[in-house]
Ligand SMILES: C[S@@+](CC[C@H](N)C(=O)[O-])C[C@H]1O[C@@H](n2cnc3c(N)ncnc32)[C@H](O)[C@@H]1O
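Coming up is one lone chain in structure tokens, specifically the form predicted on its own.
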Amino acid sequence: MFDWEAAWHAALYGPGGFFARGEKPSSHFRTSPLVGPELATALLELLSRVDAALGSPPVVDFVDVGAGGGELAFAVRSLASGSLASRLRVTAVELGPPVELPGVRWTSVVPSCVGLLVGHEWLDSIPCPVVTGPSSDPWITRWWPSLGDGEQAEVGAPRDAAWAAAVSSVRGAALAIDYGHLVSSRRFTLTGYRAGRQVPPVFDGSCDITAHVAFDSAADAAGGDWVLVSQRDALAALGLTGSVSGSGWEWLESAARAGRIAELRDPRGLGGFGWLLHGCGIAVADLLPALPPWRPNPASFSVA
């Protein structure tokens, strides 16, 4: 019997694997940190709210799990200002070779932290077993009860365990940003990305291999106080709405920024990503106001 999880893991993280040999996501698909500095700006606003809720500790962490080339971590470090900047410690977590970036430390394991942990398109790359229905797997029984005869499904248990462990390491808040689905809308999504194209998944190390995240099971596994909202709504709640103002160069810069924010908030693309936010010793209500619940977009993949 083919061991999907082992083959997936070897293709990404084994000797000669896609990420193990140093491939960076930015070379293969477009995602939010590559659009511009706006995602980092929003996450700094969220971090500032976490910092306030924690009472401004002497050291406040921003941990970027599944950091790839470190674009997000470096943007957060570069854009931070004031008291937060003087107390900020930025850590990039990645199994592949680190990239030397000023002010960013690298590790291969998720550290304990006081502040904000972000898994941006991390959970979707954690390898999973794949089963064919009917299946008696307990995760499938609970979280994919609609699986029919001959249909395939990714078993999200390894992601649930990874997310629960990450959340347990945090005092402050933990945020998973990813494309995903709920028990009401499960579908098989295993796919690959190579050089800007979505391709059939092959397990020879030549492409990124990914699948949608079961947000409801991950949230349940980590427990505590959590909320699931769309990226579109979360960015608006953090002040990114994309208004245009001024004149001359100021207007041009404002319009360019508005265009980048529009891409990040497009519900047919990146704006359809889910934001799963857990409060870890602080209340989620102190970080984001009441927002409409996230609804999975059937077309939401990383934008090639």
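All residue numbers refer to positions in the sequence shown, first residue = 1. Remember, predicted model here, so these are calculated numbers, not experimental data.
Note that the form predicted in complex with the ligand isn't included here; everything after this is about it.
Residue contact check for residue 96: one or more of its heavy atoms lie within 4.5 Å of the ligand in the predicted complex.
In the predicted complex, residue 231 stays away from the ligand, with no heavy atom inside 4.5 Å. Using a 4.5 Å cutoff between non-hydrogen atoms, residue 124 counts as a contact of the ligand in the predicted complex. The ligand is not drawn, but in the predicted complex it has no heavy atom within 4.5 Å of residue 48. In short, of 275 to 283, 50 to 58, 66 to 74, 261 to 269 it is 66 to 74 that has heavy atoms within 4.5 Å of the ligand in the predicted complex.
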